[in-house]
Ligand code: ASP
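Presented below, as structure tokens, is a lone chain in the form predicted on its own.
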Amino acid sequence: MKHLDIAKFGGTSVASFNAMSSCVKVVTANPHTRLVVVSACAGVTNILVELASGALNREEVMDRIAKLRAIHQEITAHLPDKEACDAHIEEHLTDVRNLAAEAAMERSDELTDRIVSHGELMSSFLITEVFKYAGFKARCFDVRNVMRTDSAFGCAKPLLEVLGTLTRQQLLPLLDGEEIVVTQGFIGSNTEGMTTTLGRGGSDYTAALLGEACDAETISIWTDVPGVYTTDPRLVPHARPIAELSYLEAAEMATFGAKILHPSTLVPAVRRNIPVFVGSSKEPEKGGTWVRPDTATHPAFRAVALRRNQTLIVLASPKMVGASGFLARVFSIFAKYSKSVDLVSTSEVSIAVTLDAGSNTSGLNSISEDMLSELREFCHVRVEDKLSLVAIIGNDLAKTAGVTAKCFDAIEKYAVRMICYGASSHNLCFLLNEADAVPALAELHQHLLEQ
């Protein structure tokens, strides 16, 4: 259909009956919004990940199931067919409880994906019922019918060609009907029909992938804040909204921890040149941020971002001096164990790399002992955790005099474990101790963006 807008609502936007009702108002105010993508209700995924860990005893499992029931029954209590809705939710909770019992015997990423998928399945069912209660025609569509992925459970990659074909065959025809179509973010299925997930924050990615497949005109990401800010306003009160961002700036912000957009979201949008709007479902009248191919202004400093839960691996060997092939050997081992290296810093006899735990559904940055053993065969290995990454995002940083001086002045009282600068003219990164990260973020914001 022409002028199609795809609306994605995050967990806080579907956290309660009132929040879902606000979503309904946002969607129905725009006649071009025909497809709605939702996350699980706020807090639900974290509980499901706990249940999937296999670390809870029977009483703890029942406590978490009760919490899930309470979250969803707050919504069903407002619906006319409460008993039928409760029964539907109870079917999901029974399945979750049974799967949690399996996880207690042997945890796996495949089992985790099956468990956490119930969050989106329950929220999409309930918001469809809220649409109907408000007097609108709506239907719930299982995104696993079209969101085909590989089998990398916990952080699966979409099979784009198959996804596009299935979407055009099964989903696109529904958007020309009278019903608003509601579907799930974050989840998919592999070629064997097994449930997969796209990793944390994957609902944004789902919306963008479906937008690309449906040739949408716009993608709207609705959250709990009116747009993208210069940093997280919950951490720095003086953060201010940004009216527009370029694709590149937004991608840098997402990659380095800004939670408003998932790092992969913009890739499908860029491929099809689709503008992305970010706004608040609770306060849509406040406007938001448009992410476009380019912007009218290109300030040296646009934003600062924080990414927690970083692991640093330092590899040292005197054999590095003047040797060829050392880095190739290191990275081949990381590739063998499917570890994506983030930042890299080198010296004559050592290399330091960071790994990010935030993308996997489980949130675990599991470093295999087998991998470490292979690395120790030819170098000394040191692993450090409880670190955070603070990133400065801007434009032409490497060509602007005084940039590094301003940044270092702002964080002069904090010990910096690692610096990454030069590979991109759009970011400058500092790795710090976890306890110093938020104060350093606030200092950088004050020095660079509040002057």
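Note that residue numbering follows the sequence shown and begins at 1. Fair warning: this is a prediction, and the values are worked out from it, not measured in the lab.
Although it is not shown, the form predicted in complex with ligand ASP is what the next lines describe.
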Quick one: does residue 202 come within 4.5 Å of ligand ASP in the predicted complex, counting heavy atoms only?
yes
So in the predicted complex, does any heavy atom of residue 36 sit within 4.5 Å of ligand ASP?
no
Within 4.5 Å of ligand ASP in the predicted complex, counting heavy atoms only, one of 152-160, 202-210, 369-377, 70-78 shows up; tell me which.
202-210
Suppose contact means a heavy atom within 4.5 Å; in the predicted complex, does that hold for all of 40, 45 and 120 with ligand ASP?
yes
